[in-house]
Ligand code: HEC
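Next up: a single chain in structure tokens, the form predicted on its own.
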């Protein structure tokens, strides 16, 4: 540091001068700067007086603030409540209409349908995406601890317009509100391993009726004579090569051999919860979800035929997997 104590430009310094031309002046800052500093100090005092700030030594409390004139004391909770009320006021007219409408009526109303589709996205993410994946793309099971018995999708894909129980808006609402549980008995011991192998190869090719074993083993009772499944039973279409579980020959053999929800330790699991009994969703929220899911794939339901009711013993002879969708 230089020992040159001369003032620079006639302005006195503290005696600290660096590199002969950088001095530590003692002149006052500009007036505008001092005014700004004073205003800032005043604002700090006002802010501390208006809003919650400093803890106090009385019952572990804190200074609650005087609040804005006419608005009372401010808290973040009050601000959140005010924002929520403003949002609810906008939503309320729509929500009131939804209570008395069916999912089909909501879908037919362009404004309500758009409103429901937007709010349904949040509901789907919170309640459905864990199994069905974001936007209904499905969630794979490979690599999980259940991989040996659950290879394939954790739950059906919802955006491909392939529906086990039907893809119309009312059926989707029924599925969400009432839940679904696929059923297929384990055929181990009922059908020989050789016959299971033959059936699995035919199903894997999408040609289940190409072998007489399809009818002889009772598969037509649930999957129909053409193998295209029945919405009334939630049985899978075996001709479209769209798989709920593993679509390989070995995967199909496992499904035929051990069944779906059959109680066998190696059985496929296909259960969708009943959201009404669970109490997690209101009727309006389930309507919103139905409309949201319906719109995933353009709302074009698959054309699997409905079937007349069949005897319970015939249903128990299904030869391929129905699953919850």
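Model, not experiment: these values are computed from the prediction. Numbering follows the first chain given and starts at 1.
In what follows, reference is made to the form predicted in complex with the named molecule, a form of this protein that is not presented.
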| Would residue 112 count as touching the named molecule in the model of the complex under a 4.5 Å heavy atom rule? | no
Answer with yes or no whether residue 273 is in contact with the named molecule in the model of the complex, where contact means some heavy atom within 4.5 Å. yes
(message) Against the named molecule in the model of the complex, would residue 131 count as a contact residue? Criterion: heavy atoms within 4.5 Å.
(response) yes
* To do: State yes or no: in the model of the complex, is some non-hydrogen atom of residue 166 no more than 4.5 angstroms from a non-hydrogen atom of the named molecule?
  => yes
TL;DR on 74-82, 103-111, 87-95, 175-183: the one with heavy atoms within 4.5 Å of the named molecule in the model of the complex is 175-183
Restricting to 204-243, the residues within 4.5 Å of the named molecule in the model of the complex through any heavy atom are 214, 217, 218, 219, 222, 223, 233, 234, 235, 236, 238, 242, 243
